[in-house]
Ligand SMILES: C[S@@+](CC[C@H](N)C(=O)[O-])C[C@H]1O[C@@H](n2cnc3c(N)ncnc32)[C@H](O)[C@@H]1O
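Okay, here we've got a single chain as structure tokens, the form predicted alone, with questions on binding and movement later.
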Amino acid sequence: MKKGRASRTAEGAAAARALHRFGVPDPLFDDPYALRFTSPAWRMLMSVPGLGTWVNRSLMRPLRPVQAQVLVRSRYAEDQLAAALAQVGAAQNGRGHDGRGAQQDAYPAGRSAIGQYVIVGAGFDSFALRRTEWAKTLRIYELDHPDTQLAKRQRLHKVSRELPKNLEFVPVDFERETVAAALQRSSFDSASPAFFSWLGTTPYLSNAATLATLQAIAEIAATGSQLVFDYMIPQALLHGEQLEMMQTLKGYTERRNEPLCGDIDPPRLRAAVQAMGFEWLEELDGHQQYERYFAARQDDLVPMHATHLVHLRRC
């Protein structure tokens, strides 16, 4: 990322969410604020009638799996957050549900409710504006690089002059400072359970920085806290079209001076986070993401197999 400016890949993710709203009757993830957070060039491009649909279906076709990944990771994280909050709310009745609507044991008796939502590497996420019903009960913390966060705040003020009072911005450079150190400068309560969402960041970090961040979250998260994050598997595990897609994405990020540099072998990652004190709740590879979120769709969205989604709970 170039010093002094917002992440271009974060802007690209906002554009992917914005484009998904053109001509899609059943959006996988609906973000009505995404267009306002894109770069001026993207906003101008998508303001031309009919052009947004054409860009979505034609110009962006080589990157459609990347767009699908941007959408599904946000959908999955918020599905798991909804399930965690529903489990807490259903504790009195003794039953809860998971992110797929299935019944499961309610949140363990005696455990405090999740009242904090930490968005690590928030980029141009619009959760605080979109999900006002949750924003009323959650203290929201957005962690990101200072340059990207400054641009985000400037654009937020153009979208909404009155920002949610429970939203707190915490600047952090993940290569130089831990999440724990950053949150200690904020009002975050390390004694109370929180839900952490960390999306679209680990491929741009060294493996050492990724593991250090997971360790920092483990250290500051109270028992019962949950974490959803995504990570990229080694290129050697990909074949055919999926390998070609990975190479296309690498070229895209390199041209924007934000090269992909992190990928982790799945068994090594699982062993590492369990040693940190996390319970491994679920991992979705590309096939499993497709079956849960894409199989019934009528469009051509298919997720990248290079990226896995993981759901953890702090023991």
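Fair warning: this is a prediction, and the values are worked out from it, not measured in the lab. So that there is no doubt, residue numbering starts at 1 and follows the sequence shown.
Omitted from view is the form predicted together with the named molecule, to which the following refers.
Proximity to the named molecule in the model of the complex, defined as a heavy atom within 4.5 Å, holds among Ile220, Leu205, Leu129, Met232 only for Leu205. For the options Tyr141, Phe195, Phe174, Tyr76, the one in contact with the named molecule in the model of the complex, meaning a heavy atom within 4.5 Å, is Phe174. Interface membership of Ala10, defined by any non-hydrogen atom within 4.5 Å of the named molecule in the model of the complex, is confirmed.
At the 4.5 Å threshold, heavy atoms of Gln116 stay clear of the named molecule in the model of the complex, well away from it. Under a 4.5 angstroms non-hydrogen atom cutoff, the named molecule in the model of the complex lacks Leu211 among its neighbouring residues.
Contact annotation for Thr148: at least one heavy atom lies within 4.5 Å of the named molecule in the model of the complex. Remark: of stretches 234-242, 117-125, 181-189, 132-140, the one touching the named molecule in the model of the complex is 117-125 (heavy atom within 4.5 Å). In the model of the complex, the residues of 186-207 lying within 4.5 Å of the named molecule by at least one heavy atom are, in order, Leu199, Gly200, Thr201, Tyr204, Leu205.
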